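One chain comes next, on its own, written out as structure tokens in the form predicted on its own.
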């Protein structure tokens, strides 16, 4: 029965995109079925070139209540934010 099937998160990369974007969730018996169902549900108009499915229980996320302390250490490491570099025009998609 589908109510016992695990929940999968679906990520699709569009034809004119470089990254996969979360587009929804679905229940499926396994990853193969989730991939097929994701193709049928989320790329009906042939807009995708790649699909990822990840079982929701395998995703670990930061806690929004702890975001200040979690992200605070990054503020003192300017090398993590290379906004002061000049990129040549030949460098694409940066």
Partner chain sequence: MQDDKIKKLEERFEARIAADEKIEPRDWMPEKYRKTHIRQMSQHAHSEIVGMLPEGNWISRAPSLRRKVALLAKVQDEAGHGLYLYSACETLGISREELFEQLHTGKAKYSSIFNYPTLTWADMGAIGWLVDGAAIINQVPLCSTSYGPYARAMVRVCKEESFHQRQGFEIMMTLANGSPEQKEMAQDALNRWWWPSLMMLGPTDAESVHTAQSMKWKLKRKTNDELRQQFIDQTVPQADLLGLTIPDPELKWNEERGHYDFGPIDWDEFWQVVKGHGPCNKERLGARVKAWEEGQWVRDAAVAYAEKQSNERSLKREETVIQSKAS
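Positions refer to the first chain, counted from 1. Keep in mind that this is a model prediction, so the values were computed, not measured.
One more form of this protein should be noted, the form predicted in complex with the partner chain, which is absent from this view; the next part is about it.
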| message | Can you tell me whether residue 55 touches the partner chain? I mean in the predicted bound form, with a 4.5 angstroms heavy atom cut-off. | response | no
| Is there a heavy atom of residue 7 no more than 4.5 Å from a heavy atom of the partner chain in the predicted bound form? | yes
| Non-hydrogen atom contact residue 30 with the partner chain in the predicted bound form at 4.5 angstroms | yes
| Even though the partner chain is not shown here, does residue 46 get within 4.5 Å of it in the predicted bound form, heavy atoms only? | no
| remark: Contact check, 41-68 vs the partner chain in the predicted bound form, heavy atom within 4.5 Å, ordered by sequence, gives 41, 42, 44, 45, 47, 61, 62, 63, 64
